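Next up: just one chain, as structure tokens, the form predicted alone.
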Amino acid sequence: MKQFINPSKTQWQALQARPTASYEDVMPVVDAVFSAVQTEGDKAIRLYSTQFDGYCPEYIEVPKSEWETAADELTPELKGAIDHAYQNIYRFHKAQITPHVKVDIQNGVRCWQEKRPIEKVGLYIPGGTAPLFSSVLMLAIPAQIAGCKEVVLCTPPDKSGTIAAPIRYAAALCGVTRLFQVGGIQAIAALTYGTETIPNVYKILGPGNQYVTAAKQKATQFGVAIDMPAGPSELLVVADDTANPAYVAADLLSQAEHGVDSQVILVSTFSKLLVSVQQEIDIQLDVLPRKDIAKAALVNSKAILFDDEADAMRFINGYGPEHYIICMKNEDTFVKDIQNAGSVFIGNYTPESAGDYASGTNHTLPTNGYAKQYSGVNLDSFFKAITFQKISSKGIKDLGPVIEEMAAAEGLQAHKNAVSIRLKDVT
């Protein structure tokens, strides 16, 4: 990791930059795939699956018979772990259900709000170098609780042309309705337009690389909502002399192994920690099966020393990390003052991996600084809020003149007339 000591504020923007390609670099590919899928449907899906994933599936939709065998393909230990994580994630997201809001605004005027599930949602699960069945739990559980009627899941197959058993098991456990073995830009395009096999949806949720993120943003041009821009993973750890260097190194490596375009940042107010954490990284990295991926990610990662805690906090909010670990003596301040973060992990015994898998919080989070304006996936991601109102004759008599005055001032006579015609009958 490159080290920076008390960088000036003029350096902060460069230090906060992510190692991703520019939007302009990836959009020509995205545009081409979208155009092909829109006009050629499944044929384009097969073409790009071969080109990008190295495999063209015999069938695009995974039959339910292959879901049903998934449990038998798991070890009892892994099945038990998935079931345990399911219970924790379900419990936390179930608690996010909110009551209807109902208010008598004034005599005869009642307004209320109710939430309705989004009927058709598409869940995207990255494939790449690891079968992310944990993401199935994170996306499909809140969809299940919300009561979405159609929950469509797309994920690329492995090189042997199969979907990993843990993904199939999690999909069945969480109430996914249809499963398709297709990934990348072509999956997002299919969920946007629909093909002969894959239905279009109203909202697409899930993480992915920079191409998937750009594809999701393009989908919004065609009337499809998305959860957020959720690209390559990232982690920022803020730590002082109360932190355990081995723990900090392990946390940094846990995110670095996601992909070569991942980024990890260490911010510290204790100079010796930068040295001890780097030593631990060197020790732990050497025995990791995915050390080449982690090593490549570390090229774009940084260790930054600030003498002033206030500067450290300002830098962190400017970065807006997806994952934010606090190992500080003064942890309360770093919790209270964080404005921009996807998910926060507090103390030496709270690894980011807990949120990735089984503590209960959702791990589908905004990256690339989007934590400044987006929330991570939660139960409300699968709902729409609809407002209602009912006005009695007494209510329109009292409120009508206010509406008439405002409509007239805006020059909207028909708006005023819609009230006036009623007022004649109630006065």
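Quick note: we count residues from 1 along the sequence shown, nothing fancier. All values reported here derive from a predicted model rather than from experimental measurement.
Separately, the form predicted together with another copy of the chain exists; it is not shown, and the next lines address it.
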| query | finding |
| --- | --- |
| The unique member of 26, 60, 36, 391 whose heavy atoms fall within 4.5 Å of another copy of the chain in the model of the complex | 391 |
| Contact residue in the model of the complex, from 281, 132, 205, 212 (heavy atom within 4.5 Å of another copy of the chain) | 132 |
| is_contact(residue 370, another copy of the chain) in the model of the complex, heavy atom dist at most 4.5 Å | yes |
| Partner proximity in the model of the complex: residue 385 to another copy of the chain, non-hydrogen atom cutoff 4.5 Å | yes |
| Contact flag, residue 177 vs another copy of the chain in the model of the complex, heavy atom cut 4.5 Å | no |
| Exercise: residue 168 in contact with another copy of the chain in the model of the complex, heavy atom 4.5 Å | no |
| Options 265-273, 296-304, 190-198, 221-229; stretch whose heavy atom lies within 4.5 Å of another copy of the chain in the model of the complex | 221-229 |
| Stretch 93-112 - residues with a heavy atom within 4.5 Å of another copy of the chain in the model of the complex | 95, 96, 98, 101, 103, 104, 105, 106, 109, 111, 112 |
